[in-house]
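As a starting point, one isolated chain is supplied in structure tokens, in the form predicted on its own.
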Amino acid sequence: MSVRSAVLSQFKQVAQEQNKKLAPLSDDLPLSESGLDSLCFAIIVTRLEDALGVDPFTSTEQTEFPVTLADFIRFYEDAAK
């Protein structure tokens, strides 16, 4: 499974589990407008760390956090290299 597929899958799964209305997923979707809250993102990050073996929020020196869905996916893709 690609990083992109893993991220999108977790967004959908967590939104369903947490009873959140997920906005249509597109690369330019601002994360703050996704319909997910901070708990949802914490769950996604934990699950992606298990699935991909990397947590880019602690394993990189990058100081800028992702703003859009594309940024979030690229953040994980770069960390998984």
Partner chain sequence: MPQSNQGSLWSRSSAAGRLSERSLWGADGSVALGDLAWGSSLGARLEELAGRCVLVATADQLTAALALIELDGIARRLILSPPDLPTEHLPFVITAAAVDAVVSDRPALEAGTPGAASFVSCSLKVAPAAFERTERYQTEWILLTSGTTGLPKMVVHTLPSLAGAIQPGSAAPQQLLWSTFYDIRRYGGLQIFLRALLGGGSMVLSSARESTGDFLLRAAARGVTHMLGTPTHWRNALMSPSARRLTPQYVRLSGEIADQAILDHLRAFYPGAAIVHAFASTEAGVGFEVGDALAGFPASLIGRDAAGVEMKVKDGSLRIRSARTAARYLGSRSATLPDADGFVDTGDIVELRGERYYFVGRRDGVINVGGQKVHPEEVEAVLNSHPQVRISQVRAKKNAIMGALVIADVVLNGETGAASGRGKGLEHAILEHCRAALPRHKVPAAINFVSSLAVAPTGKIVRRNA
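Model, not experiment: these values are computed from the prediction. Numbering follows the first chain given and starts at 1.
Form predicted together with its partner chain: not shown, discussed below.
Proximity to its partner chain in the predicted complex holds for none of Leu22, Ser32 and Glu64, with the criterion being a heavy atom within 4.5 Å. Although the partner is absent here, Ser38 sits close enough that one of its heavy atoms falls within 4.5 Å of its partner chain in the predicted complex.
For Thr68, no non-hydrogen atom is located within 4.5 Å of its partner chain in the predicted complex, even though that partner is not displayed. Interface membership of Ile43, defined by any non-hydrogen atom within 4.5 Å of its partner chain in the predicted complex, is confirmed. Its partner chain in the predicted complex is not approached by Ser9, whose heavy atoms all lie more than 4.5 angstroms from it. Residues of 17-32 placing a heavy atom within 4.5 Å of its partner chain in the predicted complex, in sequence order: Glu17, Gln18, Lys20.
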